[in-house]
Ligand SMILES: C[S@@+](CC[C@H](N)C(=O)[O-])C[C@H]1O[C@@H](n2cnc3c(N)ncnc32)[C@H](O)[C@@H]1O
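Before any questions on binding or motion, here is one chain by itself as structure tokens, the form predicted alone.
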């Protein structure tokens, strides 16, 4: 229990002190929350986004957290700041939580990783649509996420060993420099949260190499749109670009298109993800 508690609250705290991420959400919430709104903050963590919504004038904020240890700390934080009558901390999984007959004016949901591959944003968002707890006028923060793809040659050698695995290129890591972009970048998908979306994504992407060379991975990056004029690419804890290795490397020729088959289920991690179509 101690190990689980430490790791979960540590991740929550890292997100909290990521100033670029947190202040961008704060600006969007202040801009879009209206007095009297009923708000859901799914995956509330520290409760900071719920607190922003309460401070902006929300009448009621349902702050949903799946980790009971984190939720207990968040209840204390909410009470310490005098918002316990507005913010209702609930413990549950946003992917299947039963919201009852409530209707939300605004949805805040930050369960995001690049391409929404690791976390459950899309499945949790679909649950809101399935339960019909949103209206045509419901506002979503963020409103949409766009993901881009390119071909790269990456180094997978560490400490004298071959370490072929998925790389998250968090800001300021030395790993960020250990790859060479080989092709153009192309939009892979655009997910809008005011719609219910398919859980499985499939695409055949054509990418044009900018030079001759070897390719052994793809690079994904995402851009998240919180509201009009407010967006985020990667920060210290948010949307780290991701390098995903191919099973085998291959040689490409400049300006000769390469077709890459992409298939994955949102929120289920990096199983069979991408293959070269010969």
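Numbering follows the first chain given and starts at 1. All values reported here derive from a predicted model rather than from experimental measurement.
In what follows, reference is made to the form predicted together with the named molecule, a form of this protein that is not presented.
This chain lacks the partner; the member of 144, 164, 95, 129 within 4.5 angstroms of the named molecule in the model of the complex by a non-hydrogen atom is 95.
Of the residues 215, 64, 232, 56, just one reaches the named molecule in the model of the complex with a heavy atom at 4.5 Å or closer; this is 64. The three residues 12, 45 and 119 all sit with a heavy atom within 4.5 Å of the named molecule in the model of the complex.
Within this chain, residue 133 is remote from the site of the named molecule in the model of the complex, having no heavy atom within 4.5 Å.
Proximity of residue 105 to the named molecule in the model of the complex falls outside the 4.5 Å heavy atom cutoff. The named molecule is not shown here, but in the model of the complex it comes within 4.5 Å of a heavy atom of residue 49. Interface residue remark: residue 149 is not counted as part of the site for the named molecule in the model of the complex, having no heavy atom within 4.5 Å.
With the partner omitted here, the stretch from 37-45, 220-228, 205-213, 245-253 that lies within 4.5 Å of the named molecule by heavy atoms in the model of the complex is 37-45.
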